[in-house]
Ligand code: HEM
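So this first bit is one chain, no partners, the form predicted on its own, shown in structure tokens.
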């Protein structure tokens, strides 16, 4: 049997479907958002109306995608894999050393590493911030009171713009980590499976797991 003959399930179809659904939505939001922010610099669309329509459609796509993902995490108890917890902070150092190619091994984090957990936990929070600030900017008269309570329209615009860049950075980091991890990780989000022995040579058991195994 060759090195990667045996494949095991990693992502069910529902996870893969909504993952790419959210990717498309976030891409559309980013591109249309940059045009709305600076149409003379980012000449991506023919008219502002087109950009705003795409922005709103993508916004609702992402909203439903996040709602489904949260529901699935609760229903299938997948939140144990994706929810970032305070104890995950202790794994960031080993994670950093591995992805900077300083160390060749890392602890067995489970299905997702702490960086992925932090991103998955942060996305719904930042999406809510984007939704609130976006509605305030689109209907300034309706939400003028809320805008001033949060610091004014200039502050709202800055927050919305900064969070957009946070999403861009998260996407770039996510893509880099997947590429650094290996193509099987990326392909697993397409066909749902990963080699059974993938990373067997780089994962090391946590101290507590090692102690249990030796007992």
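Here the structure is a predicted model, which is why all the values come from computation and not from measurement. Positions refer to the first chain, counted from 1.
Only in words, not in the display: the form predicted together with the ligand, which the text now covers.
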| query | finding |
| --- | --- |
| Option from 144-152, 52-60, 168-176, 34-42 whose residues, in the model of the complex, bring a heavy atom within 4.5 Å of the ligand | 168-176 |
| Proximity of residue 123 to the ligand in the model of the complex, heavy atoms at 4.5 Å | yes |
| Proximity of residue 163 to the ligand in the model of the complex, heavy atoms at 4.5 Å | no |
| Distance check, residue 130 to the ligand in the model of the complex, heavy atom within 4.5 Å | no |
| Exercise: residue 84 in contact with the ligand in the model of the complex, heavy atom 4.5 Å | no |
| Option touching the ligand, based on a heavy atom within 4.5 Å in the model of the complex, out of 189, 28, 70, 159 | 189 |
| Contact at 19, 23 and 112 by the ligand in the model of the complex, all three, heavy atom at most 4.5 Å | yes |
